[in-house]
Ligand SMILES: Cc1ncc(COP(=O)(O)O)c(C=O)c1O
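Shown below, as C-alpha cells, is a lone chain in the form predicted on its own; questions about how it binds or moves come after it.
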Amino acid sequence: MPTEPDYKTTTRLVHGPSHSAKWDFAHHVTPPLSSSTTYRLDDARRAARGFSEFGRAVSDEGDAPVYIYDRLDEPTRSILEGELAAIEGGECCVSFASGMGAISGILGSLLVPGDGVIAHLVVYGCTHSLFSNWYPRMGIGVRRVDMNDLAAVRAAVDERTRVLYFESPTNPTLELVDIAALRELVDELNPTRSAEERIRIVIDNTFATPFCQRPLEHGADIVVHSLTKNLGGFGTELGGAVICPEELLGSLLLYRKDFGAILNSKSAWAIMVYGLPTLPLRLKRQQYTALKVARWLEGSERVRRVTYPGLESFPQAALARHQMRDFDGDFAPGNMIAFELVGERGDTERFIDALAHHAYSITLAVSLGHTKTLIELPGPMTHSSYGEQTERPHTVRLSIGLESPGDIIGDLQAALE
C-alpha cells in the first residue's frame, strides 16, 4: 500500500492526517471538535512541562502535547495548522482570528521600532491602514514601491529594511509580483547582513490560495492568508494564518498568546472539515466560470478594461502561467476578476445599484472566495482608506462563485443595459 506522502494533495485535503499526536483519530471519520477553553493537567509536573514546552513545533508523528488553555494551543486548531503548512509546503503554521490578525501577528513579531518595511504600491485597504495609521505611531517606517521594479526596490532598501511585503495577485487590481525575481534580489542583499537584520519576503496569498500558487516554492519566506476567503469558502468563518519557518514559530506563538488574536476552535473545525476538502473542487469550477465571464466582459463595448490572469490579454500572462499552478501542475488563474466600465464614476455606481436591486446570481457585498458571486467597488469600499490616492477608482471587483456562468453573464448584461 502507498504511504501517506504518496497520495495527491487533493486527497490529503479530504482525509487530513491518518494519525495525529494532537488527537485520537482511532474512531473518528470526521476530525473531532474540541470545545474546551481549559484542560485537566493531572499533576504539577505535567502542568510545568506544558508551560515549558509552549512554542515548540508539534508534528502529527511526535509526542502528544500538553494542552493547558485555548489561548496557548488546542487540538482542533493545531490540526488545521498542520494541514495548512502541508499544502503550502511550509514548516509551520500559526492561525489567527482574522486575516488582519495574521498580518499584524507576523509583522509584529518580526519588527521593532526603528525597523522598516517596503510594501507594494497597492495592498488591501486594511493593510494600507495598518501601514499608514498605526506603524508611524510605533516607529516603524513603511516605503511604498512597485515590487516589479527591482531597481526601485533596491534603491528603497536601507539598513533598517527587514521586510518586503506584497500580495500576488494584488487586491483589487490583480497585478502579479514576480516572487522569484525578488528572491534573487534579497539573496544579493542578505549576505552582508546579520541573521537578525536579514530581509524577509512576506506575501499575502489570499487571492490565489495554495491551490493556485505556493509562494514558498518561488522563494517567499513567509505566507499569510485570510482563511475567511477561499480557504474557508462558505462565508461563515473568520480566520487568518501565517506559514513560516520553524525558527519563527516560538516568537509568533508568543505574540498570538500575548495579543490574544486566537482562532476559535469551532471556526478552525469548520474550515478544516468543509473548507479545505472542497477547495480544489470549488476553485476548478470557479475558474471555469471566471474565464467565461472575463471573456464575455472583454467582448462588451460597455467595458473599457478587463483584468483576469486567465485571459490571453492579461499583461503578465507569461508570469501568471509560470507562477500560478495547481497541485497537478495545471494553470490556475483563480476566481477573481477586475474590470472598468466605459463612462464616468456615476455610470459605474448605477451599474452596481442595478445589480444590487435586481440581480439574483450576483450579490453586492465585500469579501471574496464565497460560494456566491460577490461584487464590490474597492475605491469607496474595501480600499476607502486610500482616499483619493486610489490608482483606479472606478475598478469593479468580481469574485466568482458556484452559480451557472450563463446566469452570472445574464445578470451582468441586464445591469449594463
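One-based numbering along the sequence shown. Everything quoted here is computed from the prediction, not taken from an experiment.
Absent from the display: the form predicted together with this ligand. The rest refers to it.
J.: This ligand in the predicted bound form: within 4.5 Å of a heavy atom of each of G99, Y124 and L238?
T.: Yes, because G99, Y124 and L238 each have a heavy atom that approaches this ligand to within 4.5 Å in the predicted bound form.
J.: Give a yes or no for K229: in the predicted bound form, does one of its heavy atoms lie within 4.5 Å of a heavy atom belonging to this ligand?
T.: Judged by the heavy-atom cut-off of 4.5 Å, K229 is in contact with this ligand in the predicted bound form.
J.: Can you work out whether L368 and this ligand are in contact in the predicted bound form, taking contact to mean some heavy atom pair no more than 4.5 Å apart?
T.: Although this ligand is absent here, L368 would touch it in the predicted bound form, with heavy atoms inside 4.5 Å.
J.: Indicate whether this ligand has at least one heavy atom within 4.5 Å of a heavy atom of M272 in the predicted bound form.
T.: No, M272 stays farther than 4.5 Å from this ligand in the predicted bound form.
J.: Is there a heavy atom of N171 lying 4.5 Å or less from a heavy atom of this ligand in the predicted bound form?
T.: Although this ligand is absent here, N171 would touch it in the predicted bound form, with heavy atoms inside 4.5 Å.
J.: Note which of E81, D204, D73, E175 lies within 4.5 Å of this ligand in the predicted bound form, where distance is taken over heavy atoms; exactly one does.
T.: After the contact test, the surviving option is D204.
J.: Which of I118, L297, I103, I87 has a heavy atom within 4.5 Å of this ligand in the predicted bound form?
T.: Only one option qualifies, and that one is I103.
J.: Just to confirm the contact call: exactly one of 163-171, 209-217, 284-292, 318-326 touches this ligand in the predicted bound form at a 4.5 Å heavy atom cutoff, so which is it?
T.: Flagged stretch: 163-171.
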